[in-house]
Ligand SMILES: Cc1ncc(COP(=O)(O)O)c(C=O)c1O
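The chain below stands alone and is given in structure tokens; this is the form predicted on its own.
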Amino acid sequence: MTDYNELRKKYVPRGVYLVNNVTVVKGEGAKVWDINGKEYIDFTTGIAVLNLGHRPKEVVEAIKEQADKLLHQCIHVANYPPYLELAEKLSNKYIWGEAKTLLLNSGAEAVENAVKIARYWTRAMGIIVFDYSFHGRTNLTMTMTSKHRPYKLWFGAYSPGIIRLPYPDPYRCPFKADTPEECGEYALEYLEKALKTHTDKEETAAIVLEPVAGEGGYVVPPKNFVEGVARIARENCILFVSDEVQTGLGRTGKFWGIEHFKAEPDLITVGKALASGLPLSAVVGRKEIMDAVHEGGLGGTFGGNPLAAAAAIKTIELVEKNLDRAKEVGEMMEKRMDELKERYDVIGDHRGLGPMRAFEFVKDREKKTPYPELVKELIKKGVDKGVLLLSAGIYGNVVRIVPPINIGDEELEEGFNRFEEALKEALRSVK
């Protein structure tokens, strides 16, 4: 039998990290199977990509049907239906006015193009981002990303024009506030001051914000902060960009994560779950802003590939049908996570929106000392127990739970049972 670990060690750069030491050969719904036939419940969904689970039947059928017609036709060479039909569908999901859509390949590419469009529209250079953020791994989006190690260490030569400000994490508020709302107010005051001390409104093109901080630890910001950011942007003629690469397509229980707040984004970046596993991303935004860029200023060879676009059209249809189920799954997850927090003192916090949730592990609840050693062991024990997990957070002490938004009750319950078994063993190992 082929030793895939040896192949990886010999031919894949060590910089390509691996969380779960498993070689997966098959996926179906909320489950995957490895080369030995062992079953796992997938609480990672490929880092929030497979919102409808592995190989949703109708999406697979749409891909097969498109494969019999056309594999590639660059949108700059000629029109083709999947690109245009998907652009129509995504533009109509922008509920704040008339919109247009640019199709691309990856989340980072979507963020890069949102920055390009914002800078073109405003003729300004500055981009405001926040601690805890993750926006990608390219030179520009790496600069925008908050966590230094491993994403930025030794790469240097960061892109200019990026202004980073404090983020109001309700659990670890940098302003030592007593309530999430107070934390949000302090962060807004800092933002308004920064428009005088860090940059100027006339030199600032956009404020880019994730509705839930993804890689930063699935941190849900206070409502007054998100809504205040949108208001400040509008009052200062700065574009507000909602980075929905991880929060979009029903992941938070609504189609867009920003819908949980009274805030109107000018541009939305979307990726990950858009095509149920095929590479595809987009920038969706106000018609006048999207149309501002000169002809030839936007695009790419593979953006809106026919197979990926066909998959995305069907994915959107299915996500729309499963939004109520996503809310139910989120409620069930919250209940089970409440129970686990009561039983285990090492769970300092759990949080999230809809079926986008996470545990933060600490050595001491009062001091909130991060416990990354436990998280590493928990993920290893998860493999033993048959559940795939992912870490997150700036301290590496968060475990995110990201099942399909349409996961069945029994599979969700079994996944949490396996998670708890893994946690018990991990606790025994680290003590």
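Just count from 1 along the sequence shown to find any residue number. Keep in mind that what you see is a predicted model, and the values were worked out from it rather than measured.
From this point on, the text means the form predicted together with the named molecule, which you will not see here.
*Asks:* Would the named molecule be touched by all three of 106, 111 and 136 in the model of the complex, meaning a heavy atom each within 4.5 Å?
*Replies:* Every listed residue reaches the named molecule in the model of the complex, so yes.
*Asks:* May I ask you to state whether residue 101 is within 4.5 Å of the named molecule in the model of the complex, using heavy atom distances?
*Replies:* Residue 101 lies outside the contact set for the named molecule.
*Asks:* Test of understanding: in the model of the complex, would residue 272 fall inside 4.5 Å of the named molecule by heavy atoms?
*Replies:* The answer is yes: residue 272 has a heavy atom within 4.5 Å of the named molecule.
*Asks:* Would you classify residue 245 as touching the named molecule in the model of the complex, given a 4.5 Å non-hydrogen atom cut-off?
*Replies:* Although the named molecule is absent here, residue 245 would touch it in the model of the complex, with heavy atoms inside 4.5 Å.
*Asks:* My question is simply whether residue 210 lines the interface with the named molecule in the model of the complex - judged by any non-hydrogen atom within 4.5 Å.
*Replies:* Residue 210: yes, in contact with the named molecule in the model of the complex.
*Asks:* Can you tell me which of 322-330, 292-300, 186-194, 128-136 lies within 4.5 Å of the named molecule in the model of the complex, counting heavy atoms only?
*Replies:* The contacting stretch here is 128-136.
*Asks:* Work out which of 266, 169, 215, 360 lies within 4.5 Å of the named molecule in the model of the complex, going by heavy atoms.
*Replies:* The option sitting close enough to the partner is 215.
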